[in-house]
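Here we start with a single chain on its own, the form predicted alone, put down as structure tokens.
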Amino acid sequence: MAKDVTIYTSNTCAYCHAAKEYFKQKDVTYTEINLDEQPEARQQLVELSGQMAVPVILITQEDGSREMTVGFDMPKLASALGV
């Protein structure tokens, strides 16, 4: 199971809502960074992913390795989360 999950979102992003609903269904806790509410995080997102698209999901494993998913890719998330 992942140690830490962070999702970058915006209020109008349907895939962001789908990803959060998926986490809820799988009982995955996460930290949300909503770019509409925290516009200062936009530069951080660009530095991490090289773009402004959301959702961007960062999964940190117990061993410290990190995996980034851009968009809502359920099979990739399931694999990274071990759910």
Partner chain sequence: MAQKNLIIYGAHWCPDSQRVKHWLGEHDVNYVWKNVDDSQAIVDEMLSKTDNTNLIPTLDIDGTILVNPSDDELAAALHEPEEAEINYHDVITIGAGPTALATAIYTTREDIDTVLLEKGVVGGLAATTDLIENYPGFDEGVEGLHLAQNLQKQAERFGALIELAEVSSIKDEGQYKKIITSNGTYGARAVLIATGSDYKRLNVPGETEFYGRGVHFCATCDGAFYRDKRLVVVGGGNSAAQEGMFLTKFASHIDMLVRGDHLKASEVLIKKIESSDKITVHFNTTTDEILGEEGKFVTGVRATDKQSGESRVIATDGVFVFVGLNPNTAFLADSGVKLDEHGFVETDRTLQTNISGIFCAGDVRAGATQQIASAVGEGATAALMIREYLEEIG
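Positions refer to the first chain, counted from 1. Quantities reported herein were computed from a predicted structural model and do not represent experimental measurements.
Absent from the display: the form predicted together with the partner chain. The rest refers to it.
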The partner chain in the predicted bound form has a heavy atom of only one listed residue within 4.5 Å, and of 45, 58, 33, 28 that residue is 45
Report whether the minimum heavy atom distance between residue 64 and the partner chain in the predicted bound form is within 4.5 Å. no
For the stretch 5-41, which residues lie within 4.5 Å of the partner chain in the predicted bound form by non-hydrogen atom distance? 10, 11, 12, 13, 14, 15, 17, 18, 21, 22, 25, 26, 35
